[in-house]
Each structure stands twice: as structure tokens, then as C-alpha cells.
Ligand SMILES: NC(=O)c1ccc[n+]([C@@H]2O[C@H](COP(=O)([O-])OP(=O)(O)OC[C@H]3O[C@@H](n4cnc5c(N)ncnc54)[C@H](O)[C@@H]3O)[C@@H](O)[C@H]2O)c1
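We begin with a single chain expressed as C-alpha cells, specifically the form predicted on its own.
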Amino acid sequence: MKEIQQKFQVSYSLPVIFTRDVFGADNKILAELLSKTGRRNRILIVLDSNVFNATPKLLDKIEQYASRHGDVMEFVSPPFIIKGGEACKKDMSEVDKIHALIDKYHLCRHSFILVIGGGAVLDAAGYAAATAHRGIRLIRMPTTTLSQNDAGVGVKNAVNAFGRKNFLGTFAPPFAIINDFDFLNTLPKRTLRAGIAEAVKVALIKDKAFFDFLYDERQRLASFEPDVMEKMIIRCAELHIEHIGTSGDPFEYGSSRPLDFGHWSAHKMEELTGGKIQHGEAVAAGIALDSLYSFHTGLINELELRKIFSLLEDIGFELFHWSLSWMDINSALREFQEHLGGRLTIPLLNGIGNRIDINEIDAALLKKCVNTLSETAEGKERRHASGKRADAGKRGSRKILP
């Protein structure tokens, strides 16, 4: 028998750029980025239908931008308008349409797909790009809070299949990520708020100072004041990029996915509701559940738990969603383990700003935590309905403690 072994490494560069008015006359960021290839680049634009509807002048601006910078770019067709939100990840025909356009316009591996949209659209278009010709260059242009600080920053692409979130996917770092803060001005409050949950998550497991900043600024975050929102997005993106570059496992070959605190239940909530709950809303409820479990297992103290719950509630999140009560906890944990491979590995808090990976979960205790969150939410609704002006946050936090 003869065996040959060869180790090798592949070096990636992942620029994450923050700007405004990316297609404006004075903004050359995209053109300068493309000029680095040393040639004229053929580009297919994939545009989120929600962004298309919210920015009626965007197509004209894109066309004018291409005319000004025709030496480095050529848009091969009008933008393909893809279904916004989870619809594009549930319907494989959207990916098929992108593949058909790649074939129709003879795009090659040195061509580009420029995807403009929220996290789900980035996921679906990224999956299409990664699977055509084994990988077409991708430029992401996230347009939501969540996609600018989390979903658009990483190296993953995916679509849903077999009733499972992100069942089909790839690890494929994009050519670049360009965050245009002006897109945030087009978002409804619910979508603006949803992305803040990912900042709370990464602060809880990686950066206590960032958590303290979010806690101190929670009222301004609740009002979506631009300066604090932008600081939050940039720091959250920094922490994600730092993790990808320094964790030693950017493609998740191990059993641990440390940035997914609160996500094992969040993904299941999205599946149970057919995507009607936004990802960030599900993550907020998942954070509440896993924080409460962390408290009951002695990993965080009472004050830390109160601050976590106050931060989430003051920003405007609900700590409980009805789909948690419908969840088969053992089945959800098993599916999460199956998705990652290896041993069941769930990140929990080890104080604020630190995490610990655990391999065993007390399902009975976890169910009690779900029931506690449900009872607290019901009590809050009853007080609201009766017109009492009691401090719901303080009363609720007393109910979650032994």
C-alpha cells in the first residue's frame, strides 16, 4: 500500500467597507475595488425585492454609476429582482433563476455577482454564486442591520431544504463586503430592531465592554439613533471578522459554533413559524432562553441575568415566542448537532463577555426555562390588559428567579 499526504493552506483577504451613497457620483469605492482585478469586469446584479420597492431611484443610480466607471465594470443585464426575506431561501427556483442568468450571459469564474439586500438574499445569491462554475466572485452589499453586522459579514451561504433552515450551503468567502449605511434609512422599525439582537449575542460571548456600551445606550438603540446604530454595527462586524480570522476554524470543521449563542432554538422557531418570526427576533428569544439556563446552572449571576433581560426588553424585544412552547427540545438539539456534526456542543455564557461550550443539556431544566419565560410573558400581558402601570420589567425579572 502507498499513501501520499500533503498539507496546504489557502490565504483569503476579506475587506469589509463602510460607506454612504455607494452609487453616488463622488463615491468610487466599488470602482476602485473592481480595478484591482486589472481588467473590465462583467457583473450580474441580484437585487432584493424589498430594497427595489423601497428605493425607486436605485436602478437609475446603478446605471449611471456603471456609465461613469465603464472602464472597470459592465453590468451584463438589468438587475435580477429576487424575492426578499426567507422566501428566496425556501424557493429553490430563485437560485435556479440566478444559475440560468449566469449561463445565459456566459459569466465565468472571474466574473462577479453583486448582491444587494438583506441576509436571506445574501445567503441565497451567495449559494448560487458558490455553486456555479464551482465559484463565481461575489460582492455583498448588505442593506439591513442584521446583514451589515452579522449575516453579510461571514463566509457562509445557504438555502433551506427538507423543512430545515440552511440545509444546503457552502463556505465561500466573498470578494468584498460593502456596507452602505444609507440603506438603513429605508427599513421599517421591526427590521431595524431585529439586527440588534446579533450585536447583543456577540457582546455577551466575546466583549463585556461592548455589552456595557449596548446596555448604557439601550434607549438610544431603541430609538434607532444613527450614530449609536452605526457604532453598534461596526463593532459587531469587527468581532465577527476577528473570529473568522483568528478562531482557527472559519469553515466549522469542529463541533463548536461559538458565534451561535441562542441560535439552536432560534433556527427551530423560524422553521416552526415558516419564517414569520424574523431571525433577529428569534435570536433575542433564544438569547433569553440560554441566558436563563446559564443562570440556573450557575454560569451567570442574578445581576447579569437582569441586565441581559433589561437590555433586550428596553430595545423592544419580546423574551418569549409561542413557538418555543411547541418545540420538541430533544429533537431540536439533535438537529442542531446533526447540522454541525460531532458531539452536541452548545455555547453558554460564562459571565458576561465570555462563553463556555457544553456537551450535555438538561432537557427538563431547559423546558422549565421555557415555561418560566411563557408564564412571565403571560403575566405581563395580563397586567397590560388590566391597565396596571406596574414595572413589568422588575416584576418579570422576579418571576425568573428561584
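In this text, residue numbers run from 1 along the sequence as written. No experiment lies behind these values; they were computed from the predicted model shown.
This protein has a second form, the form predicted in complex with the ligand, left out of what is shown; the following refers to that one.
- Stretch 183-191 is the contacting one of 321-329, 208-216, 105-113, 183-191, since its residues have non-hydrogen atoms within 4.5 Å of the ligand in the predicted bound form.
- Not one of Gly262, Lys268 and Leu348 is positioned with any heavy atom within 4.5 Å of the ligand in the predicted bound form.
- Though the partner is left out of this view, Leu366 does not reach within 4.5 Å of the ligand in the predicted bound form, counting heavy atoms only.
- For Gly84, a non-hydrogen atom is located within 4.5 Å of the ligand in the predicted bound form, even though that partner is not displayed.
- When contacts are judged by a 4.5 Å heavy atom cut-off, Asn166 counts as touching the ligand in the predicted bound form.
- Contact check for Lys156: a heavy atom falls within 4.5 Å of the ligand in the predicted bound form.
- Checking Ile352, Ala377, Leu33, Val51 against the ligand in the predicted bound form, a heavy atom within 4.5 Å turns up for just one residue: Val51.
- Residues from 110-136 that approach the ligand in the predicted bound form with a non-hydrogen atom closer than or equal to 4.5 Å are Gly118, Gly119, Ala120, Val121, Asp123, in the order they occur in the chain.
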